[in-house]
Every structure is written in structure tokens, then in C-alpha cells.
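The form predicted on its own is given below as one chain in C-alpha cells.
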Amino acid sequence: MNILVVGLSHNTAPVEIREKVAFSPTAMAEPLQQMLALDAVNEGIIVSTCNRVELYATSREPERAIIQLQHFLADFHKLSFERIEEHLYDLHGEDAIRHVLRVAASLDSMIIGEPQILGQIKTAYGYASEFKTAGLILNRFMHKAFSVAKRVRTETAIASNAVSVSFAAVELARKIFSNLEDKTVMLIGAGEMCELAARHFINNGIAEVLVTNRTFSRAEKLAAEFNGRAVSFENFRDQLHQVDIVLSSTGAPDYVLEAKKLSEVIRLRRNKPMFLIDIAVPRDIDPKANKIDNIYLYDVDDLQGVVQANLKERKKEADKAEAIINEEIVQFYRWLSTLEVKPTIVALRRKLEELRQTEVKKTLANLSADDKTAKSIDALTRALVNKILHQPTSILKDAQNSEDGDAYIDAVRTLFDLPVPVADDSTATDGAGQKD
């Protein structure tokens, strides 16, 4: 049985293509059932996010299943196959297993280490479980993916460094103040970047949020979202001595905070540290403020520098994560192979035993053999069958962990006309270790 992946992502397709093949998260029953109705597909899961749409499936005919899945993706969304063909990728076997584990561990994300994708895969698996399109293999595989993602986050620091400008600001503030729980932040301007950074600060326990904006109603609206307080733009400088952290992004042509004013503010604060984050272009805060003792001023370039340094650190940690995935692939592949090898060996032994018993009965029927002779013939033929089976059985067991395993299994089934094995839960636990 093969695991397959067919899909496209931010690596292969622009957003205008990705949005055309996206599946609605509130209407997954129909596409999942249509996917499972493809005659070469045994199990199916659909992962659909803003950055990727991927179909996970199992099949005994991977090449035919891949073609069917590719056309299903186009047909379901009423697109010509040619429209999306160049953006699609398809994987099977070890390549597919590696890809899904890397996606779950956020190694294939636009931002390495971001946590959202794991939750999105869990949601996709939840739909497949609800509509019964995930069977034994994908059930086990998804739990393996979840445990690998958890292991990557536990054993590496892949998600420990801020890689967005807004969160980098919070990370720097924690270095300056250590504890943010008794701190006050002021937003100067009510743009998206300020708002996002403020949310990060609130999530990290900031005590109070003040908001000022040239349009006071906008300041009131944003302050209400944060359970904060709106301040008139004309008077906000008079309240700066109460503020520990300033986030500024106004779009003003000139500085809204001069170094001279900030010198007065720091005196009123009795030299208590003050963290200023200027994410405006052109800048809102006079860069000379950085020369004032106990004032820490960072502009957008400074924050981008922090982000880039952190991205480099995440990429170093990604190498550790890849090693973990390589290790886990071996374990999962070993389990997956047992689903095919053990039933094949059992079927082969059963077939040869049936042939042996049939031929022994024929022989004994034509002989006037006593019990001792009959037992000797039975033992002789049993020993011959065991000796004949020893070599192919050993080869099959050894081959189950190699790339040629499927070829050996298919050859044995064809040569001895064996039935296709059906994996069940009892077979699944053999050689698999404990469940994830």
C-alpha cells in the first residue's frame, strides 16, 4: 500500500491559483466522499489552508491514483486541468511520508516554525475521521505526523525566536523589562502593525494600553478592543511619563516625538527605562533619542535585523528537525511494510501447505502404507516445504525495510497467485511498537 500526496502550495502556485482550488472548511463532506469514490483511492484526507491545498491518500496503484487525484482537484473546482497542471506536485512512498512530516513540523511553511499548520492538519484529519475517509493507514500516519511535530518542538528551538516585526518588538521589550505585567504601552497611530504588536503585548500580560490617533474616534474604537484608554493626539505627549513602551506608526511627514521632549519625559520618569518602537516610514521618532540614557529606540530596520537573525537561528534548528524526521520515517516505513509482508508470508505458507496436504493425501490413497510410513511421508513433505519457504521468507522480511520491498512482495503474489492481503488492526500492531 502506498501513501500519496497531490497538491500545490506557496512554493509552486501564486495566491490567485491557490484560492481557486481551496476547499471550504465548513463543507468538507462532499469533496472527501468524491475523493474516496475514485476507484484507485483507498483512503483520503484534504488539507486546505491559505498557503497550500494537499490531498493525502493511500492506494495500491499509485500512478493511476495520482492522475485521478490531479483531475479530481481540477474537476471539483470546475477548472481545466491545464490551468493548474504546472503548479501541482505529486509524491508517493517515502517522499510522500517525508513531505507530510515536514509540513506538520512546519519545515515547509512560509515561515519556518510557525505553529498554525499543525492545527490545520489536525482539523483536516478531524473531518476525514468524521466522514470516515481515513482508514487504518492514514489514521496511524496522521498520529505519527502529530507526534513528530511535537517531538520537533520539544527537542529543537525551531519556534523559540520571533520572526515577525510585531513579535520581535515584544521579544525585545522582555529583554529590557524582564516582566511586562506592570507595564503600560501607548500606541501612536492606529495602523495594522501597531494593532498587531499591541495584541502580542496583551498576550504577554501588559497592564494597560493607551491609544492616540489624529482621528480620535479611531483611537476610541481601537482602545475599546484592548480594554484600554483613548488619548487625544494634541495631549498625548503630556502623558508619556506614565508610559513604559511606545509603538508609533502615524505616516506623518515629520517627527511626532523630538529628542528634546523625550529628555524631559525621562527626567519625569526618574530615569526609569523606556522602550520606543518606531515602525513608521518615514520615521516618527527623532533617532537622536537613542543617545538619551535609559531610552531604547528601535526602528523598523532594527526590528527586521532581529527577525533575520532569528530566521537564521530557526534554519539551524531546522537541520536538527530534519534528522528527527529521517529517524521517524524509518520507524513508520517499517510498520507500513509489515502490513504487506506478514499477510503475504502467511498466504504463501497457507497455499503451499494446502498443496502439500492435497498431494500427501493422493499419495497415501495409492499406497497401502501403515501409520509409521504415513507419518514419515507427512514429516518429509512438511520439511521440504519449510526448506523451500525459508529463503523467500527471509528475503521478504529483509526487503520490507528497503526500497525494493514492494517489488519482492508483488513478485511473490504474482508467481504464487496469492490474494491481495487486507490489513486489519491485529496485523497493524505487529512490528509497529506502541501507538503514538
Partner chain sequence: MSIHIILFKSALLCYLAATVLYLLHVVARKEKPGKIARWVLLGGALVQLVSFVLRFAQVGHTPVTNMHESLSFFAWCLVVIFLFFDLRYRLSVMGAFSSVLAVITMLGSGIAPRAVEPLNPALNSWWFPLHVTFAFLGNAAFAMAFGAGVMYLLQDRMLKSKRFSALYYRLPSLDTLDSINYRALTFGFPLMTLGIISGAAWAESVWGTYWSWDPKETWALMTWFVYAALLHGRLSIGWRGRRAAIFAIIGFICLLFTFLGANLLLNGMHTFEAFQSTPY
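The term rigid core refers to the most C-alpha atoms you can superpose between the two forms while keeping them within 1.5 Å. Keep in mind it's a predicted model, so treat the numbers as computed, not measured. Numbering follows the first chain given and starts at 1.
Form predicted together with its partner chain: not shown, discussed below.
Checklist entry - Does at least one non-hydrogen atom of Lys272 fall within 4.5 angstroms of its partner chain in the predicted bound form? => result Yes.
Checklist entry - Quick one: is Ser80 in contact with its partner chain in the predicted bound form, heavy atoms, 4.5 Å cut-off? => result Close contact is absent here: in the predicted bound form, Ser80 is far from its partner chain, nothing within 4.5 Å, heavy atoms only.
Checklist entry - Any chance Leu297 has a heavy atom within 4.5 Å of its partner chain in the predicted bound form? => result Because a heavy atom of Leu297 falls inside 4.5 Å of its partner chain in the predicted bound form, the answer is yes.
Checklist entry - Should Asp293 be classed as touching its partner chain in the predicted bound form when contacts are defined as heavy atoms within 4.5 Å? => result Looking in the predicted bound form, residue contacts with its partner chain include Asp293, since a heavy atom lies within 4.5 Å.
Item to check | Region of this chain that lies against its partner chain in the predicted bound form, out of 211 to 219, 113 to 121, 305 to 313, 232 to 240 [heavy atom, 4.5 Å] | outcome: This holds for exactly one stretch, 305 to 313.
Item to check | Single option in His143, Lys175, Lys351, Lys362 placed near its partner chain in the predicted bound form, where near means a heavy atom within 4.5 Å | outcome: Looking at His143, Lys175, Lys351, Lys362 one by one, just Lys175 meets the 4.5 Å heavy-atom criterion.
Item to check | Asp286, Glu317, Glu195, Glu328 - the one with a heavy atom within 4.5 Å of its partner chain in the predicted bound form | outcome: Filtering the options by heavy-atom distance leaves Glu317.
Item to check | Heavy atom within 4.5 Å of its partner chain in the predicted bound form - qualifying residues of 191 to 211 | outcome: Nothing in this stretch is in contact.
Item to check | Yes/no, Ile266 Cα shift of 2 Å or more between this form and the one not shown with rigid core fixed | outcome: Superposed on the core, Ile266 moves its C-alpha 2 Å or more between this form and the one not shown.
Next on the checklist: Is Arg98 displaced by at least 2 Å at its C-alpha between this form and the one not shown when the rigid core is overlaid?
Outcome noted: No: Arg98 shifts by under 2 Å between this form and the one not shown.
Item to check | CA of Asp244, rigid core aligned, shift of 2 Å or more between this form and the one not shown | outcome: Asp244: C-alpha displaced by 2 Å or more between this form and the one not shown.
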